[in-house]
Each structure stands twice: as structure tokens, then as C-alpha cells.
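First comes one chain, alone, set out as C-alpha cells in the form predicted on its own.
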């Protein structure tokens, strides 16, 4: 299967032509949520980004097996490098059992994916259901000489591993340079080398989830979960491994080491990472008070924003930035995105109102060029921002056809709708046809206002007519009068 898609491979630090291992089949693994709290808005950007990538691969005709895991067990490595039972901590704080915590936040995560129109993955495995697979991977690592057991815990032997494989190839970080950053953490004295990391952690009396293993009771390490689940469902090597930029230096680096240590090969041919979401130019942090959840943005309950925003607007805003670029979210940025979104939506919904006329070869060629440019943008490492710019070009042609500035036949009208369906709905995943929110009742509201203005003009009450026009212009809506009647456009 010939492809023109090029993507940026974090592993090689350059764009590469996408050549699947077993075309037309594509294996895609993305690190999913850890269920000890709700995914924050930064997590949401990662999930939306890889939903778009999944959509485009499917649109290109690939048969994609998309695996996105759920972390509901194990000790998670925090920002300090400590292995922490976050699910157990959350369970104590909320006075619940771990399974209750996991169930509670999984429901919220699934609601989030539906709200933001994310396609479900083909497989959504949980860590707790794959303890045996994790144990088997650890046993292979030990058997190959890259792991060792101490007092019921198992560690990955990084120094031994570096005798055969490079460590740090994904992040580019030198192991010797990391030693100064290593803190005096609990359990460090058990390690042979400061960079060794946990594959299995012996149980602590405070642990609320405990499993049996050949090394005693305990919990799996965080990194081993993804190695076990990705290889089980996609094979020892597959096409694409994705996740947020924050996972690159530790989690994904250790996944590569584990896979090489157990199976002798890097698990993924291409490593893709979505970048961070900042707020008002600053990194989001609870300590800085600039941290919020997606539903707070939808409900309008965040004090950081002046109004609520619809999920489609938020998704559109995310698509306006390239997935590998840092994106800054702010009230002003969302208002600007909303304005652009409504302009596009109104234009797209007006396609059905265009009066078919004679074929227009010039318009036809312009539409073919827009379609080609949308594909070219997406083929260039999923450049959604350039694709959206082309959709604005399309909106301009739609408006001109609607207002009889250019003629369009059924052929051109069908091509307009096809481009919208293919790229705005299918690839970018924006459900602009949703009628469940009040904002999508704008057509009926505007028709009522246009009728009031029409009656005022018929009664020669031009003052009222002009006041309506001027007020709408200030609100960002332009009325267009023609012999066929009055239409409106969001400006």
C-alpha cells in the first residue's frame, strides 16, 4: 500500500515516511489514563491528538488495531522518581476501596471520551487483568540477565543492559548525567545502580492492592504494565507507540529497555508524542492555582474562564495547534477559537441552502485544490492547523456560492460537502451537526430576527432595521441582503 504520510519519529528525531510493518494492518498503542483521579485538560489534549491520528490512519484505508490501556493497579513513578501507590492513596482519602476508586474514575473517563467525540479503541486492557502477563515478562527479563530480585522486589539492571543495548535512545539523556538528579529515595539502597527501576515492588503494609508473584506478594511497577499489554495485543514489535511528552524520558524509555530486555527488540517502529498544554503562558500546576478539569470548562465552573465552552469548540481549539507544538489555552484563545468555529459551522451548514446552477470549472478546480491541500497537510505529520486553514478557504467559497457571487452546480455542492465530511467530521472528529446545545439553535433565532427586520423595512421603519443590523454587526454577525432574501454570516 503506497502512502504519502510522513510522521515525526521521536526515536530518530526526524520526519520519516510511514511504512507499516505489515500493511495494510497498523498496530497503535497509546498510554491511557491512570484511574486515581480525573484526567486533567492536558491529558485530554493527548487523547484528542491520538484520536485524530487514529482517525486519519483509518481514513487512509489502514486496518488499525488501536490499543489504549487503563492503569488501575501498581506503583506509579511520580515527578520525584518515587514509586507511589496513587490508587491506594486516593482510596484512603475518599474512604473507598481501590476497586471503587477505579470504577468511579473509569466512568468519568469514559464520559469524557464520549463528550469529546473520541472513537473507542479496539482494545482497552486494564493492568489488573494482566498481572500474569506482567510476571511472565519480568521472568524473561531476569532469565536474560537484565533483572534481579532483592527482598521480594525485582529491579531492572540498567548497567547490565547497557552492555548490550543503548539506554536513553528515546530521550537522548545520558545515564551518567542523571545521577546528580537522583534523590535519596526509599529502596535506593537495594539497587545495584542508581538508574535501576522497579519491575515488581514487594508489598507494603499500607498497600491496598496486593498480588502474588514468584518473588512474593506485591505490586507491579508502572512501566511493566504497558510492555505486557502492548506486546500481548500487538506483538513484540508494532508500528506506533504514542503518549504525552511527559512520558518520554522515563516511562517510554523504560518500556524500550524492558522490551529489549525480554524480547530483544524495540517495541515500536515509530514513537509519537503530543506536546504540553499551558495556561496563560505558564505550565499548569495545582500549586500555582492554574489547574482545571475539562468538565469545569464545559460547565463554566472554572474561575479561570469567563464562560462555558462547548466540547466541539474545545476540540476545535486543540486541533488548531499542531500536536507536537506547545499549546497555550486561555479565555481569549478559546473565545477566538469559538468565533472561528462558529464561522466554519455556519458556512458548512449553508451548503444545503446553495441554489444549484450551471457547472463552474474554476470553482471545481479550486475545490479539488483545497481537498488536495487538506490531504497534504495531514500527510505532513498530521498538520491539523494547516488543514483547518484550508477549511476556512472552503468556507469562503461556500459563502460566495450562497450569496450568488459565484455559481455552483450539484457537482461542486457535493464536493463541498464531501470535503467537510472527510476532514472536519471524519478526520478532525468535530461533530458540528450536534443539535443538543442551545448554540446550535442560532438558525431559528436568526430567522426570527431577520423576519422582525423584514417587517420593519416593509413598514418603512428604517431606524429599527438599521439598529438590528448594527447590533448584529457588533455581535459578530453580518446580514447579507439579496433579491433572494436575507442571510447571515458570522464574521
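All figures in this text were calculated on a predicted structure; none of them were measured in a lab. Numbering follows the first chain given and starts at 1.
One more form of this protein should be noted, the form predicted together with adenosine monophosphate (AMP), which is absent from this view; the next part is about it.
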In the predicted bound form, segment of 460-468, 446-454, 36-44, 423-431 with a heavy atom within 4.5 Å of adenosine monophosphate (AMP): 36-44
Of 125, 294, 218, 244, the one that lies within 4.5 Å of adenosine monophosphate (AMP) in the predicted bound form (heavy atoms): 244
Heavy atom within 4.5 Å of adenosine monophosphate (AMP) in the predicted bound form - residue from 117, 171, 275, 366: 275
Residue 339 within 4.5 Å of adenosine monophosphate (AMP) in the predicted bound form, heavy atoms: no
Contact of residue 31 with adenosine monophosphate (AMP) in the predicted bound form (heavy atom, 4.5 Å): yes
Any non-hydrogen atom of residue 304 within 4.5 angstroms of adenosine monophosphate (AMP) in the predicted bound form: no
Interface membership of residue 99, adenosine monophosphate (AMP) in the predicted bound form, 4.5 Å heavy atom rule: no
